[in-house]
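In structure tokens, one chain follows: the form predicted on its own.
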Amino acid sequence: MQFKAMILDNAEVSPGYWRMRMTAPPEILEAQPGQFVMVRVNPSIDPLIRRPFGVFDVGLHQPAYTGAAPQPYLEILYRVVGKGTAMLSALHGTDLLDIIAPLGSGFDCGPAGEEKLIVGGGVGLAPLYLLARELVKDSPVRLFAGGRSKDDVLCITEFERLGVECYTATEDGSLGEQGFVTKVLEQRLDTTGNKGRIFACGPHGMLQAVAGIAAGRHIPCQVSLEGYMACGVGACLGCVCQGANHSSETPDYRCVCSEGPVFDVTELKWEGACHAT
């Protein structure tokens, strides 16, 4: 659905990273973990193309004035990396945005009671919070969050409030273990005998490493890709990635926005592929 959203809050949660809450129609409450939205950041033609953002959270916002009914809201988590996101960060409460949401396919949460392992890097944590909120209803959940420094490890307190056990790793050692978060993930799998199910979102290098871990240990794994989308509905084919059976003789492409952004790792080609993440 397409709708006008009024910004309720837009705050910097870590240097360069912002969290925005906006109004939305009641149907947004049915958004599935892993789905995304397309945002027109400016009513003019510059920038022309909408920007995709994972759904961080949905819920009911209680207005400050007495007697008002709760208002459905949508939250996104984003990093300022260019003109469009810089314009987003300059917006304030009561400013309006044009939104298309929710889009794409979400995560399959798997069986109840099974340990769930969530792996995120930087703004890749954005679609994982709503996922964690669903998973904790019937399963033990552990989050493995990584980044270059502590500034890239976002919203850990929010995950902990859900009851998620959190592990962190940073390349410079400023938070948690020093090194890649995939090392911490492997340490956990060593102690559990490779039990559980993995969900991941983040940079391509991290996802490729997680996919390798899952394959080598025969663990179910889903990843959410961050494609360079222009339309969000599969029309422009600007966000295709290589499927598992791709070759020069038999092309196999998957459209991230319409067939994803969530894929089982076995559906994708990792070695030598240039995924849109």
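In case it trips you up, residue 1 is the first one in the sequence shown, and so on. Every value quoted in this text rests on a predicted model; they were computed, and no experiment measured them.
One more form of this protein, predicted together with a small molecule, exists but is not displayed; see below.
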Check your understanding: Okay, which stretch from 66-74, 52-60, 245-253, 207-215 lines the small molecule in the predicted bound form, with non-hydrogen atoms inside 4.5 Å?
Key -> 52-60
**Study point:** Contact of residue 82 with the small molecule in the predicted bound form (heavy atom, 4.5 Å)
**Key:** yes
Point to revise | residue 123: touches the small molecule in the predicted bound form, heavy atom cutoff 4.5 angstroms | key: yes
Review point. With the partner left out of view, is residue 241 within 4.5 angstroms of the small molecule in the predicted bound form by any non-hydrogen atom?
Key: no
Check your understanding: Using heavy atoms and a 4.5 Å limit, would one call residue 78 a contact residue for the small molecule in the predicted bound form?
Key -> yes
